[in-house]
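Coming up, as structure tokens: structure 1 and structure 2, two forms of one and the same protein chain.
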Structure 1
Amino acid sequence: MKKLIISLAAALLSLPTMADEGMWLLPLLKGQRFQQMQELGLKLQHYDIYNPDSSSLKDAVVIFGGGCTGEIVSPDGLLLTNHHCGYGCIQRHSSLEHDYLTDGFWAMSREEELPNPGMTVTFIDKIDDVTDYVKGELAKDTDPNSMNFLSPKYLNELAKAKVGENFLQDNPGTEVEIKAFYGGNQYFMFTKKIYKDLRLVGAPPSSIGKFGADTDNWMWPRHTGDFSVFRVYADKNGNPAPYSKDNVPLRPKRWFKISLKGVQENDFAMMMGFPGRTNKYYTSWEVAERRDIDNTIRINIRDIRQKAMLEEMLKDPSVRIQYSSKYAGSTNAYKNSIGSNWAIKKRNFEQVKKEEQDKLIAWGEKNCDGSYKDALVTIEQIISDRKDLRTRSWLLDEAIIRGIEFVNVPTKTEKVIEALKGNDKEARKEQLRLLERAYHGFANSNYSAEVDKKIAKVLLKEYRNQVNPHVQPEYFQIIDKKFKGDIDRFVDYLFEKSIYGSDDNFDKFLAHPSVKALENDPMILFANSVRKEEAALKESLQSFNDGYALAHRTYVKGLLAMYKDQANFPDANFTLRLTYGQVKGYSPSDCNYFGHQTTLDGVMEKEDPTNWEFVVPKRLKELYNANDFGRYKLQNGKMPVAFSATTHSTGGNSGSPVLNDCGELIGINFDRNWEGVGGDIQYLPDYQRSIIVDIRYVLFIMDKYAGAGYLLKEMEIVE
């Protein structure tokens, strides 16, 4: 009997949360997962990783900018993240004379490190469970439909009230934030310290940092050295301060030791970072909605857009440069959606979620609690009721708002018009100058009207095919009335007539500015009409979204109650999490097997000097041919590049430190395989892999390739 109970308990425990699944909250880790981590090989104690009363490994993990993770690797504030996370900074410092994107950049002394105004690095000083406090405050709210329980504004007011004004005044650079977890069933407060002086220390050339570019993006086996190096600066007291040449390198509480020991298949590995968003608690109807509306529309529309863009890029090398970043941004989410739909189908996520729902309904009934069933009925109804609106909203967003660039021409012309009507010559000059600046901000060096025109033609045709004419933006009536439905002519007309249609048009307008030209500008009218439709859709969808959020909270509450004997992790919400698992390869399909470690051999195999995505820099080839890998090579003499692990990561985990059983840095996370992106809905143990650049490749590039070996002196390297 005892045995039976034990094995039943074990079966239960392993049911909803699979072995390496989970993005765990650090304060809950000890009770939830620590034992399993140790069983898998972790040699640390829980307080080594997270200690509310003193410094621990978590203090070396930071939010890099607005959507990536970074880690501190020296007592002088040296920071590692991905090349694609530092890309914007590297790009801003680049010019034709100093093309750091192409050639890479290495500061050879602290004086040469480059400031990046506007960038931030955020440390998480403290994490507190404030559920009782927040629920107490929410209970004072008399409106049963109040959405305060999820409102960032409301929650952050509560956070400020909790710590008090004085605390924030006494601690410069400190902010507090309360975030909702489990759909609003639990709340944690994060005390954050935000540093604003961040300097670029080094970056490999894109031919290393972005090797394989879009073709290899979301793919394993991978051969990208996706890393860049920064340093955090503080004022003389170690406090956050805006850039100043008097600032000094930050003396951090913690930094990671770096291991050269490397990885073997099945080794324990863990990652800390800031995963952005997952949907583990989807119902079956939301899975279908995601598949049939969100993903399908995105795939279909971007397919059309990217084909048109690529055609132009292949025709003209200058267009290729102009549009490479836009193309990459477009394909990134596109490939992700393809992988997501593949996994939804392959693993029948709809059925998986349905079984969970049915189980909860039965469990609720057994406990005389019908609220979960009610919540599920509500969700099903909402998903069905919002179908048309959501479809329209996704089509408008993908085909027009994100798809067509000229929707973003400057439309706020009221002040210009006012100045043109008035007699104040100076005001008029000033307003026209501002408009000119806004125009050039839109039609910048990465904009091609020809490409935009071509894309607009194909996308508007698709949009008009898919959306009922009665619910298209109002201005579209012109297409039928004036152009007899001829979209090509309509688009040509917009570019011909609009002041924004070309630099010529704009210059002509500046030479003879008129109120009429602005008020009747067809591109402005078009853009405003699209925005109006966007706002209307958003408003119509809001009531559904609110109703959904309330029901979702009840559903998640039910699952937590039903599975209360086991560890449950909340969906990702860009808060600090830990995921652990093993270094492992995988089998993508019958008879195929991918190993866990790639090497420089693979870089050479992929080399293609005629394709910018696969150019290998000369110096790297020299090192390869000379087998000059120093202490960074594998036992078999090869040079490691990347490895894969079963850790449960998502967007936002880019740049995350990957640590071994001793908590030493072994790699930097930068991607996932496309077969694994379904893990945002349901973890896929046999398919899902984090893609991680091996720290030995990072050091090899810094030391041997770039000759910036002096940086290694400030790190703690464990051989």
Structure 2
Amino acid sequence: MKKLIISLAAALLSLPTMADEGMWLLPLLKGQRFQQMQELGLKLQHYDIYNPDSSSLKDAVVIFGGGCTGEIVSPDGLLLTNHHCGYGCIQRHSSLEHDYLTDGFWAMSREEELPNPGMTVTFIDKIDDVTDYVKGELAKDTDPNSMNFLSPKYLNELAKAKVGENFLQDNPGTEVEIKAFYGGNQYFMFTKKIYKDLRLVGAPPSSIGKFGADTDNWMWPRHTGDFSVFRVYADKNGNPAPYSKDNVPLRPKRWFKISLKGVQENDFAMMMGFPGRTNKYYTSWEVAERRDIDNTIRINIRDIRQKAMLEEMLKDPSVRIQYSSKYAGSTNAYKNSIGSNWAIKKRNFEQVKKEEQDKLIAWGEKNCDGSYKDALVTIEQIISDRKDLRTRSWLLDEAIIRGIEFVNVPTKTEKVIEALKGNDKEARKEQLRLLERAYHGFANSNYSAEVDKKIAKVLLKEYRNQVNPHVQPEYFQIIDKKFKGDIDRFVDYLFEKSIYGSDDNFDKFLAHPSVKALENDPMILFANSVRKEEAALKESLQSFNDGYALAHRTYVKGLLAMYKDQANFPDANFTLRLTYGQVKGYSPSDCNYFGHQTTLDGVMEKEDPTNWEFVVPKRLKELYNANDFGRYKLQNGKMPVAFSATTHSTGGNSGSPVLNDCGELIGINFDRNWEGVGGDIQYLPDYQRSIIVDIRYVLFIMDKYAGAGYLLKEMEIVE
């Protein structure tokens, strides 16, 4: 018994969460981490951050679009997020005549603000612990292998049943969602209000908002003004409504005050946002799988694709506009995978997880519970058994589905064929009109057939080299049978013969539509074959996924019991979280230290007029040379640009507000250093750094550079 007590004490003393580690759920914050936050310097009370009965700081944080965070900074619905989060909106409004990507955009009145159909902003009204309710409903399920405990469809049906249809009807724009946490050991319900009238107010030119582009991505020191400005609109009653000229700026519950006091080394900092996904509860076998399959394939395939894409972008300005967002998205995950593998090796995550597993097995045996060991044996076997299928799935996804755009041509042509075979002229005309709309939805202003053709050739060659021909999509057999293995000729054939190969091809089809042309179209056959292979792989892997989820739930349950829940935060799942830490620099390698603050000096030092990534706008150089920094400068007279902090962030935290000890906005999170991306698996205190654009640089660009200082008049600015 004495040994058991000593063992348990040792386990509790070796809690797995570091001081600055964690993505904490707001309802659990008071009991789990709030004391540590105050010890680190926070001056607020827990109810200032999250108050279920009144407005609090959380009410100024929003989901921007479908994958970023934003923050409300005025009583008139003004919103800040990252430039790269608003990039798609800026791009859609851009043309060769009005190139807002290159030149920037600033609405000098509300009438000039640009609508963005399809974009949304989501507020979190309430967060309720519904664990007992969900588990009570799950207990009614008689299937011992049921996956309802993780099923979004099942859980969201429970959410709607809990609040009732009348509640949703009486609250326009409101949705409810139940999410599983800790592998299905706890559940929370989120009541959300979604606004659909979002207008672009301002964005710096890419030479500021994307300065350093892909070279500096995932890097520190950083000198990027990564921000954009939007405004949320509502109907006259403050309710969500589609775009209308009669809508008015939203009057939000809460907005952030903005601090010009700046940051110093070791200052307290916290961040709220919607981190997308982490893997804190990986086992050692999953770490190896992530390193050897997922990351390795992505690094290789994306490197090939990006080289082909960039070559075409540098040749043609119109292609640069078309593919800049696609290129940035590709390189983002590419560098992430490189950093992830670096961290896995640097800190030997595989061994770290193995030691944790061994500790849990020993703890379980001392408590006469062998379920945790059984769960780990199951997980190990599943990871081993799915290796080949997972490799094929990742190669198909990266090289073909994500890499080759014409995989997404319209393939649902059954109704068109049926209409062409019939005698109803109106039905025929309508189906052809719908097909034409679908085609132009694919071959839109951001698509180049020539670029897609070039990329397809290099990626198909790599895919064919990596995957056994016997398990490739069935249609790929034509490459050997008809083209003697010549992939270049095969791809040229697809574009030459498909109705989707060019606008001319499609126009010729519309002039003389035929059933034969659709049934024998090579791009349709190609795409259908790829999707069939994708579905087959998904089905095969699903048989492993269900067993894994059940075993993983038991494994996580054991860790929670062993460490106690105070030591553990749930993996990120794009729900509202808080992370905290300190403003700090770091040392990436021996005798190499990077400070916490960058300045405009660094922008000028990096300037390279021959490199599109490091061009500095003329106006910015004029302000720099004149030292015209206004009230936004540091005490030493320099202009701050960005700073770094130990806050634990990941994808989805882009655009997150970074706050000081008083809850005032001091910056906008926009990236991590690549040495820290391994924090998705295991926090790295010596290396983990969030990269944050200083709010003083944001205001400086709006005010001094863009001449849009009128926007600052609606903000609460603290000197």
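Residue numbering: sequential along structure 1, first residue numbered 1. Model, not experiment: these values are computed from the prediction. We call the rigid core the largest set of C-alpha positions that still match within 1.5 Å between the two forms.
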Which of the two structures shown, 1 or 2, corresponds to the form predicted on its own? 2
Comparing between structure 1 and structure 2 on the rigid core, is the C-alpha shift at K508 2 Å or larger? yes
Cα displacement of N185 between structure 1 and structure 2 reaching 2 Å, rigid core superposed: no
Superposing on the rigid core, I want to see if R437 changes position between structure 1 and structure 2 - specifically a Cα shift of 2 Å or more. yes
Let me know the CA shift of A427 between structure 1 and structure 2 in Å, rounded to one decimal, core fitted. 4.8
So with the rigid core superposed, the C-alpha of N408 shifts by how many Å between structure 1 and structure 2? 2.9
